[in-house]
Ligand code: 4NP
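So this first bit is one chain, no partners, the form predicted alone, shown in structure tokens.
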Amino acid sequence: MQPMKSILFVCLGNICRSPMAEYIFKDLVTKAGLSDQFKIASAATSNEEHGNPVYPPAKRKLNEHGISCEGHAAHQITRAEYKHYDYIVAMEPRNLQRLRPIIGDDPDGKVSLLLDHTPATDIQHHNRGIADPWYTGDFDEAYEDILIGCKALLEEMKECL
């Protein structure tokens, strides 16, 4: 059996985008029959939402697609988590900036943006961040962008399994 791959999705508060990515990715790997090959979680770059569940509009959007996020409690990423995850996937460039003081340098090249995993030919998505629906109010767009990124990430990771 292949070693388990571990992924930590990161956004500002860990109540909208990163938990959406966590639970969408979990749903995708379950449907692909790969659940036993992945450890998937999410975290925040700030501690302002510590302990809070998924934000209600994000939870509703996941539920619309049959995805449960029950039991989620927001937490801030720690320096130690860098060692425990193979991939640390941020939602937007500002998340990357806020990660640096927490985890330090990225000598193992674990840190990326979610949409950087889409093909470079996908100019609509590749090399950009996912807008924060807390501010935009557009949970449909956030869900679609996260789904596209998660599908691309899973396809990329399947090659390593």
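All figures in this text were calculated on a predicted structure; none of them were measured in a lab. Numbers follow the displayed sequence, beginning with 1.
From this point on, the text means the form predicted in complex with 4-nitrophenyl phosphate (4NP), which you will not see here.
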Does the 4.5 Å heavy atom contact test between residue 48 and 4-nitrophenyl phosphate (4NP) in the predicted complex come out positive? yes
Examine residue 38 and determine whether its closest non-hydrogen atom to 4-nitrophenyl phosphate (4NP) in the predicted complex is within 4.5 angstroms. no
Exercise: residue 21 in contact with 4-nitrophenyl phosphate (4NP) in the predicted complex, heavy atom 4.5 Å: no
Non-hydrogen atom contact residue 16 with 4-nitrophenyl phosphate (4NP) in the predicted complex at 4.5 angstroms: yes
Heavy atoms within 4.5 Å of 4-nitrophenyl phosphate (4NP) in the predicted complex: which stretch among 131 to 139, 62 to 70, 27 to 35, 110 to 118? 131 to 139
